[in-house]
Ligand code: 5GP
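Shown below, as structure tokens, is a lone chain in the form predicted alone; questions about how it binds or moves come after it.
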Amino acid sequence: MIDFNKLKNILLENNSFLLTTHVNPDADAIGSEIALYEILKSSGKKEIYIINTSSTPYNLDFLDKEKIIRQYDKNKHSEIIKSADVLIGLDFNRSDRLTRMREDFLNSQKLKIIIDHHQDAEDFVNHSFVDPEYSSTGHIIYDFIKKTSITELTYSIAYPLYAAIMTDTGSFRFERTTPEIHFIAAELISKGVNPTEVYDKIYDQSRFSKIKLLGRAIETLQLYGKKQQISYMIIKQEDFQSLKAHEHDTDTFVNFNLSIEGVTIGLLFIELKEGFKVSLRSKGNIPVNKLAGEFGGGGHINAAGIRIHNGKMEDYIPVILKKSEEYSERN
């Protein structure tokens, strides 16, 4: 259980803050950062910085109305990271998810905390406010407000929180979509959030290159296993380059695997400039977070990821597929 009063005291007792999130941020990451920024601002804090390794995906730019998020540049931002009273990591619990920012973050001698809902947290901060029972990091931020009354739930906080919760629950269809989640969504909407607008901006304003990239991915779709219960797709660097597409464009592609009849595990292999990554999804009680953990990754029971920096994707694909079949047959 998260000690929200301890978190409240940390925020109120300090003056300067550095907020950051994982590489290639999603709406839960960006929404939680913006919501916490608004909480700190409403608490009278003047020095609040949001610095991320990656740029904000174009379809999430609308959440950063004041354009306060900066993309990490070591020459410009190392001193800010070093001098901030509190460093706050949102929506991740493993330091390697910071990639280029990792060294500056870890070397800071100031207070470091994480706020997150993923499993298998790494011990690299002073205080962890982590609970995998939450649907999203945005859900944690909402509960923080409600249980501590640190600030009023205003429209400027409700808007990014709705985006965070809506996306990380798969538009309210994933396992952690409880009656409580719908009550929370209703309250956020009551603050003026337009759910149609938020969904449209995130999912229905895709660039042409993203849709073309999805087509390339679907062309590679394959079934694997004795029962054909594993589905996977592959995206190569040449696909990104020829279509002028980006890694963050692939955010929801892996879900298409699970729409195939009889498929219990879906994988998306993405070749990076250095190494590759795999997005994993599953149905039922198949723990793809444990599957990902066998290759240094992690996540949730039904949604996880792997990132391998030094290795060729084609060498790992058959190994990961074989291990996926073992997990599928075991459950």
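Note that the structure is a prediction, hence the values are computed from the model and not measured. Heads up: residue numbers just count along the shown sequence, starting at 1.
The discussion below concerns the form predicted together with this ligand, not included here.
Colleague: Give me the residue from I306, L63, I286, L36 that has a heavy atom within 4.5 Å of this ligand in the model of the complex.
Modeller: Only one option qualifies, and that one is I306.
Colleague: Going by heavy atom distances of 4.5 angstroms or less, which of H139, K112, K210, H118 would be at the interface with this ligand in the model of the complex?
Modeller: Spelling it out, the residue with a heavy atom inside the cut-off is H118.
Colleague: Of 39-47, 53-61, 278-286, 66-74, which is the one stretch near this ligand in the model of the complex, taking non-hydrogen atoms within 4.5 angstroms as near?
Modeller: This holds for exactly one stretch, 278-286.
Colleague: In the model of the complex, does R176 come within 4.5 Å of this ligand, counting heavy atoms only?
Modeller: Contact check for R176: no, nothing within 4.5 Å of this ligand in the model of the complex.
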